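Form predicted on its own, single chain, as structure tokens, below.
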């Protein structure tokens, strides 16, 4: 796939290629997602929002951490929402998982309803990131945690697809953005692993993870 097409599909998987793109993302991001799930400090009866869950491959891992966890996945891609509902049909039918199409710049939820919110590899695509973060704060409970993960600029800048619509960040830039949007930083982490990128090549990944609260 050409770099421009890779960038477009990573931003919003669509068309006949969407399921394959989602599978590659799942394989590429498995370890990172498990790390983020652990950092959320999930407890019984938590209400969780994931922004950009793709096909929802890791929803079961979230719900099984503790009793009575409820999950909402919000994704730009209609194809991904449909796939997530299909893959997680049993959890949807049980009432513990839901999926909606939407944009975190205007979240379709009431204020103060989520205990935990997280998102991985979406920050690059937010044209007005402070507006997304204000919305995320709005839907969080006062005691909630927000976990955001993104590829560090030093690692990402040489990937062939990032010149097509990616805004790159390092830790300091992201911390400044989160702080100016009203979040209090709790901890920052760097996740390192060697694996296959979404372009299909083996790379040494450097992923920044920031955990914060309202």
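Residue numbers count along the first chain shown, from 1. Because the structure is a prediction, the values reported are computed rather than measured.
The same protein also exists as the form predicted in complex with a small molecule; that form is not shown, yet it is the one meant from here on.
_Partner-proximal stretch of 175-183, 22-30, 41-49, 59-67 relative to the small molecule in the model of the complex, 4.5 angstroms, heavy atom_ = That would be stretch 22-30.
*Flag residue 102 as yes or no: does it have a non-hydrogen atom within 4.5 angstroms of any non-hydrogen atom of the small molecule in the model of the complex?*
Judged by the heavy-atom cut-off of 4.5 Å, residue 102 is in contact with the small molecule in the model of the complex.
*With the cut-off set at 4.5 Å between non-hydrogen atoms, does residue 12 touch the small molecule in the model of the complex?*
Contact with the small molecule, yes.
_in the model of the complex, is there a heavy atom of the small molecule that lies within 4.5 Å of any heavy atom of residue 109, even though the partner is absent here?_
No, no contact at 4.5 Å.
_4.5 Å heavy atom contact, residue 122 to the small molecule in the model of the complex_ = Because a heavy atom of residue 122 falls inside 4.5 Å of the small molecule in the model of the complex, the answer is yes.
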